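In the form predicted alone, a lone chain appears below as structure tokens.
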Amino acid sequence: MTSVLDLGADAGELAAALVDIRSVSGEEQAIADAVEAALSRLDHLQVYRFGNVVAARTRAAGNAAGRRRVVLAGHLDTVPPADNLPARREGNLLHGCGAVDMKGGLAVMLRLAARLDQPAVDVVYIFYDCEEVEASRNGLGRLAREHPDQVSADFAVLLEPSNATVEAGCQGTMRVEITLHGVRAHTARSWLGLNAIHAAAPVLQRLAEYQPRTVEIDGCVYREGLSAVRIDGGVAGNVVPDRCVVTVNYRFAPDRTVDDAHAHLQEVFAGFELAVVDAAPAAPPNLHAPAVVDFIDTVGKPVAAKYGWTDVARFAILGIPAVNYGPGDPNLAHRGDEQVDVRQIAECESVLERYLLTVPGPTGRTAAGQPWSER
């Protein structure tokens, strides 16, 4: 049975209802069904469904050549719950899995979609799946590949948690596996074997001694990070293991490409067998793009760097200026005590409403983002 979302409800109540729809990556059908059903009741929107991606755009978009087009985007999925469902409210704080990352932002998008029937620009709302897992499964990436007209725009806002300030660009991410080999033996005669887990010690030592860079771009300071995130090895309690895999995650600044990041890790772990298993590029701040300038002026707060990867990078590849702007402290994402202040949900809604009702109309759209009427 499809959950019924009341888009006229208080922002905090709507966010709580979204939190209560479990949507771990790969399990987004229920929340996608609920979002599609709620948006389909709005006569001023055209609604499309692509798997567990839901896209809606203002009906004027099809014959509004020359108007600026803005995408508001947010992912439907969460990390697995940590005994933090269902949602609970304590004063202005809404607790629950995904409250920060990013169902508070989804509530903003849904309320705006319901209320803004005549915005000053063409608006596209995109709700997508599988953001919290490997990039190859990302629903926004799939939409861009298979239905590029749905994502073409002059400007995009990812409603990722940013404490209701603009967080510019994003870090790139790369995950590699470093494989160590050994020789099996009975642990009673361990000297006849070679322990692959022990062979991982130099890898861990290099990680412990690693000094990450801090990079400033357009006044935004990006801190890099290199972390072991998993170790797999061992056959049985009485066997010297002949194989061990250390998984390492590298978060790199926007001045490095994916190839640069790979080359750096090959240098750091020279002498070891290294394989890339997942990678996504960084995005520069792009603070001088006219559409970004307009939005920053509307928000009226200092800009900061985005720590973590977001789909701002995907829009950057498409040549579309984009920023992160949404409710909630990103430092609380993925935690057992995840929580969002509902006042920030209301603040973000108010700022985005003001922007979408007053933003200048002239378009600086590239060929990749030409008006629908010219396609």
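Numbers follow the displayed sequence, beginning with 1. Here, rigid core means the biggest group of C-alpha atoms that superpose within 1.5 Å across both forms. All values reported here derive from a predicted model rather than from experimental measurement.
The discussion below concerns the form predicted together with a further copy of the same chain, not included here.
Worksheet entry | Partner contact for Asn195 in the predicted bound form: a further copy of the same chain, 4.5 angstroms, heavy atom | Result yes; Asn195 sits at the interface with a further copy of the same chain in the predicted bound form.
Item to complete: Tell me, yes or no, whether Arg137 is in contact with a further copy of the same chain in the predicted bound form, where a contact means a heavy atom of each within 4.5 Å.
Response: Contact check for Arg137: no, nothing within 4.5 Å of a further copy of the same chain in the predicted bound form.
Worksheet item: Any chance Pro302 has a heavy atom within 4.5 Å of a further copy of the same chain in the predicted bound form?
Response: It does not: once a further copy of the same chain is placed as it appears in the predicted bound form, Pro302 has no heavy atom within 4.5 Å of it.
Worksheet item: Given that the partner is absent here, does Thr187 sit within 4.5 Å of a further copy of the same chain in the predicted bound form, heavy atoms only?
Response: Heavy-atom contact with a further copy of the same chain at 4.5 Å: present for Thr187.
Worksheet item: When a further copy of the same chain is placed as it is in the predicted bound form, which of 143 to 151, 253 to 261, 171 to 179, 279 to 287 ends up with heavy atoms within 4.5 Å of it?
Response: The contacting stretch here is 171 to 179.
Discussion item. Considering non-hydrogen atoms and a 4.5 Å limit, which listed residue (Val183, Leu85, Val235, Ala120) is close to a further copy of the same chain in the predicted bound form?
Written reply: When a further copy of the same chain is considered in the predicted bound form, the option within 4.5 Å is Val235.
Practice prompt. Report the residue, out of Asn92, Ser227, Gln266, Thr298, that has at least one non-hydrogen atom within 4.5 angstroms of a further copy of the same chain in the predicted bound form.
Written response: Only one option qualifies, and that one is Ser227.
Item to complete: Run the contact test on Gln211, Cys220 and Ala270 with a 4.5 Å heavy atom cut-off to a further copy of the same chain in the predicted bound form and return yes or no.
Response: Answer is no for this spot.
Worksheet item: For the stretch 302 to 316, which residues lie within 4.5 Å of a further copy of the same chain in the predicted bound form by non-hydrogen atom distance?
Response: Sequence-ordered list: Tyr307, Gly308.
Discussion item. On a rigid core superposition, would Asp242 pass a 2 Å threshold for CA movement between the shown form and the other one?
Written reply: Superposed on the core, Asp242 moves its C-alpha 2 Å or more between the shown form and the other one.
Fill in: Post core alignment: Asn195 C-alpha displaced by 2 Å or more between the shown form and the other one
True for Asn195: a C-alpha shift of 2 Å or more.
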